[in-house]
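Just one chain follows, in the form predicted on its own, and it is written as structure tokens.
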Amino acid sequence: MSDPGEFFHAEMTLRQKLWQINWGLVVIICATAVIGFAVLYSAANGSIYPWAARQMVRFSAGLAIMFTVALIDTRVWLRYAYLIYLGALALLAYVDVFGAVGRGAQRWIDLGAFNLQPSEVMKVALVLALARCFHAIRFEEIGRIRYLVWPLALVAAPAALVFRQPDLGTATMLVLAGGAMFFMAGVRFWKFGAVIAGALAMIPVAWHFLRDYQKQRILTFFDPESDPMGAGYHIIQSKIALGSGGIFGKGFLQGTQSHLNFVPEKQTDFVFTLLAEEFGIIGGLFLLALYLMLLIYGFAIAMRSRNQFGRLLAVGVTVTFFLYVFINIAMVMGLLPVVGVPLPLVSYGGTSMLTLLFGFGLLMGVYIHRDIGVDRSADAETL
């Protein structure tokens, strides 16, 4: 006999779904975005143009996407997960041949009104595909190597295409997010150990495939002072700005290092540096507290889901969000090499903002439809 709760949630009306939206999560997302608007306003020396105004428009559009995605039954996303993945993979392949070039990399598709970055789309598409893939694999089958070939291919294909752009940071994010989903699906520790050992053994070979500027970034990471006016300039100036903010910061619009343009890319990759210079450690910790609450919400939603697809989808979105935060902040603090990973909901950017809010929509959709039970052996096409 089917569970009454399952039938109720399967037949929920639009009004019932709206009542089920996790409004606490929405409030935290909006609060984080407001901090981003303020920092971008400061980055433009007290003007909403060009960055803050556009970011507000994109966030508004992203909110509409987020709520729309959240209200769609998670079984629909299960059904079309592979199709979305193939679409994102096709966009990556298109970029490899016809993509627009900017800052020495071929990562964008020029759509006229804005540039689409398919690698950002793939971060969510990969989570969907892996969640469906592992949903169909029984727990006792996870231990068999042959059942892991397909999910490994799902990760390897986009990671290789993104690495060719070249975008080492995003390729690494795809691999790490995929690894987290493998772990949550039940893959044993020794298999991760074998993969890590193999990756370490391949470092000398992989080094020869890196671009010259990527090699320079890695070498500079270990000794920024070796090239203070070249490859080490970004991280040196970032550390100076972070340190000069002190505990309470210099004050809104008073960040000298940033406003005198010593800090490059202050509106995108190094936006946390501007925030910490003007609002100090207190401001930085406040933003990190908001991020922590979003992570707690994400993992709590994953634990509440009754079906494997929902759990893995929530975990994948949450881990991807964590990687955005961790890699960006570790980078600006000099704990990781400089890579092009934006600070979520704060850095200026169109595709990353919309993709993140799409992902949060999936997360809220898992929460709304958390009591729907889906048989792991069921064919998604028959749902």
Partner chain sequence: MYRDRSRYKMFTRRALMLSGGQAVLLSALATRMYYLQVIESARYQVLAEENRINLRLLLPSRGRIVDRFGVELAVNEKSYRVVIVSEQTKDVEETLDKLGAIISLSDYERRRVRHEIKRRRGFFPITVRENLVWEEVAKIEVNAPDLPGVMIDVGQSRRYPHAAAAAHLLGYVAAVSEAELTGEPLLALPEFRVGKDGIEKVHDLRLRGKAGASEVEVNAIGRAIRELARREGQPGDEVVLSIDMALQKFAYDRLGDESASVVVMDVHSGEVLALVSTPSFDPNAFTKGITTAYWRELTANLRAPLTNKAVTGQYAPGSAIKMVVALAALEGGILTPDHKVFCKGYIQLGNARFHCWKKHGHGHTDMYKGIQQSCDVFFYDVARRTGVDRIAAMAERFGLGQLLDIGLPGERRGLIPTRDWKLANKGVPWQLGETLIAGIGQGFVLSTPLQLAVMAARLANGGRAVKPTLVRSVRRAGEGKTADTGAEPPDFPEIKIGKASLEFITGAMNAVTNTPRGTAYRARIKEPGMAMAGKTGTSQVRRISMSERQSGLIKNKQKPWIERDHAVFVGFAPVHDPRYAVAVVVEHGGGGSKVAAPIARDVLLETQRRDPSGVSGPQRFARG
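Numbering follows the first chain given and starts at 1. Note that this is a predicted model, so its numbers are computed, not measured.
Separately, the form predicted together with its partner chain exists; it is not shown, and the next lines address it.
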{"property": "All of Ile137, Leu285 and Phe326 within 4.5 Å of its partner chain in the model of the complex, heavy atom check", "result": "yes"}
{"property": "Of Leu91, Leu78, Leu154, Ala185, the one that lies within 4.5 Å of its partner chain in the model of the complex (heavy atoms)", "result": "Ala185"}
{"property": "Interface residue in the model of the complex among Val195, Ile218, Leu295, Leu116, criterion: non-hydrogen atom within 4.5 angstroms of its partner chain", "result": "Leu295"}
{"property": "In the model of the complex, segment of 156 to 164, 308 to 316, 79 to 87, 202 to 210 with a heavy atom within 4.5 Å of its partner chain", "result": "308 to 316"}
{"property": "4.5 Å heavy atom contact, Gly243 to its partner chain in the model of the complex", "result": "yes"}
{"property": "Close approach of Ile109 to its partner chain in the model of the complex, 4.5 Å, heavy atom", "result": "no"}
{"property": "is_contact(Ala276, its partner chain) in the model of the complex, heavy atom dist at most 4.5 Å", "result": "yes"}
{"property": "Exercise: Gly280 in contact with its partner chain in the model of the complex, heavy atom 4.5 Å", "result": "yes"}
{"property": "Residues within 4.5 Å of its partner chain in the model of the complex, restricted to 193 to 211 and counted by heavy atom", "result": "none"}
